[in-house]
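Here we start with a single chain on its own, the form predicted on its own, put down as structure tokens.
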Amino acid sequence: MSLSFDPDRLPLPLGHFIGDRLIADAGQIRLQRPSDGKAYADCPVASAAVVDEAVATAKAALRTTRWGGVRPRERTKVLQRWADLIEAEAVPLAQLEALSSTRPVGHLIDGDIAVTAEQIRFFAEFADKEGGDLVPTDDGHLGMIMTEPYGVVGAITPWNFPLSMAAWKLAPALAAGNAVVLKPSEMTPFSTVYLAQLAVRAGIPAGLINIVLGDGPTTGTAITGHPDIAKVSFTGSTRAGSAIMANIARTGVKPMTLELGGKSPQLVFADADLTLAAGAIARGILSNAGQACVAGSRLIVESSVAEPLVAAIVAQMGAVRPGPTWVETTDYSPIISAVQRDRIDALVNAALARSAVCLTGGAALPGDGYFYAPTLLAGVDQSSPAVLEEIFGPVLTVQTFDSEEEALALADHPTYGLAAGLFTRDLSRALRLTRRIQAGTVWVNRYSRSRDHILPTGGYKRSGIGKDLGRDAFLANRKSKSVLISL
């Protein structure tokens, strides 16, 4: 069966999803498809009153279902049923995701949607396996650390991987016994709404997942500053993360998890497998057209092997197949919007004005939609805009080194520390440099996440606070209480 579809005939779940029903609201944001630029729907902007309704619904659901206090294995079972239904409904989910986002439909069934189901199952199994601890005290006392859910968690997800990012937020929060009010990006709202509808169909009590559509200044601000939201989780830009921190500080104090921007280096030594490295580096910047927080956008290569490695990467950049996201054979994504495409182009031109040399690409692709050519820039230094700025597009810079210390100095970024890649056959060097690279994730002889969801993700410096995925994400959705009993 072909996954390709007609984008003009796809029904959309228009509205907020609160409790167990869609709630219509006036559309205020005109949505355009990245693949052809065509306007296709209007996204509502949830007011503070709509957010109040969603939060009140979540609180009532927690109270009436006792979700946080039920036998943990019951939470596990219902979350697993949700994952099963996601797999069963993979085709409509993939079509809704592909319509408005940058994700080609052919990448979604075995990629994003399968990963979404896996992540939900992964966190479901934590529900009855992580609890409090007995701690050592003297013989006259019993010391315990108890954990309990926060209550209502507020979540905001980005547009680049709508479904899997929603699972990052929803799955650990629900497994830990919380309810969630989530705002997807206003540019890619519909697959997340359908995901929540599937949750209710799977048996997750209505009201534990509430999806409110809208923008950051109105809806996002109402969520992060809401007095009845006890914890906030956000994935997005560093600038937006800073605004969320400021809003929380203005309205109170609450814990937060922020997975923010990156400008990730990829270090390649002369002893590396260059064929393996070229493939991993190309995928690290071409996947989703570089629109990923962990995109490996800075190639730092030992001088003696720079020429053949760069040539291999340029060849792979030239082999991409741009096309509409609703065509199954498309393997290269559009940029999310004309504004973002033009920003990418402006940063490339700013780098070229400062002596950068364009080895391939360097311009928007002709035709419909918001496509940008895979681009490789040489002749850059640490002050170049292409090195300093998170471009969030298919733009790779290349710099060379002749010693480990020089490589580390080039890899270090004044702002970001989200991820890094390291290619070498020398195990001692790999371990030595992994300790010194300032990044929350280091991949050695690869550049991508695996499906080992036990590995947390999160950054150093201004790339974030706290962790998504792994045990860390589950524990971040529960608060601890110290108990000391005198015997």
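As the structure is a prediction and not an experimental result, all values here were calculated from the model. Start at 1 and count along the sequence shown; that's the residue number.
One more form of this protein exists, namely the form predicted together with nicotinamide-adenine-dinucleotide (NAD); it is left out here, but the text below deals with it.
Only one of the listed residues (Glu302, Glu186, Glu118, Asp345) places a non-hydrogen atom within 4.5 angstroms of nicotinamide-adenine-dinucleotide (NAD) in the predicted complex, and that residue is Glu186.
Phe392 is the sole member of Phe123, Phe190, Trp82, Phe392 with a non-hydrogen atom lying within 4.5 angstroms of nicotinamide-adenine-dinucleotide (NAD) in the predicted complex. Between 370 to 378, 258 to 266, 138 to 146, 399 to 407, the stretch whose residues reach within 4.5 angstroms of nicotinamide-adenine-dinucleotide (NAD) in the predicted complex through a non-hydrogen atom is 258 to 266. Against nicotinamide-adenine-dinucleotide (NAD) in the predicted complex, the set Gly216, Ala240 and Leu418 is in full contact: each member has a heavy atom within 4.5 Å. Taking non-hydrogen atoms only, Thr157 approaches nicotinamide-adenine-dinucleotide (NAD) to within 4.5 angstroms in the predicted complex. nicotinamide-adenine-dinucleotide (NAD) is not drawn, but in the predicted complex it has a heavy atom within 4.5 Å of Ile244. Proximity of Thr221 to nicotinamide-adenine-dinucleotide (NAD) in the predicted complex falls within the 4.5 Å heavy atom cutoff. The shortest heavy atom separation between Ala175 and nicotinamide-adenine-dinucleotide (NAD) in the predicted complex exceeds 4.5 Å.
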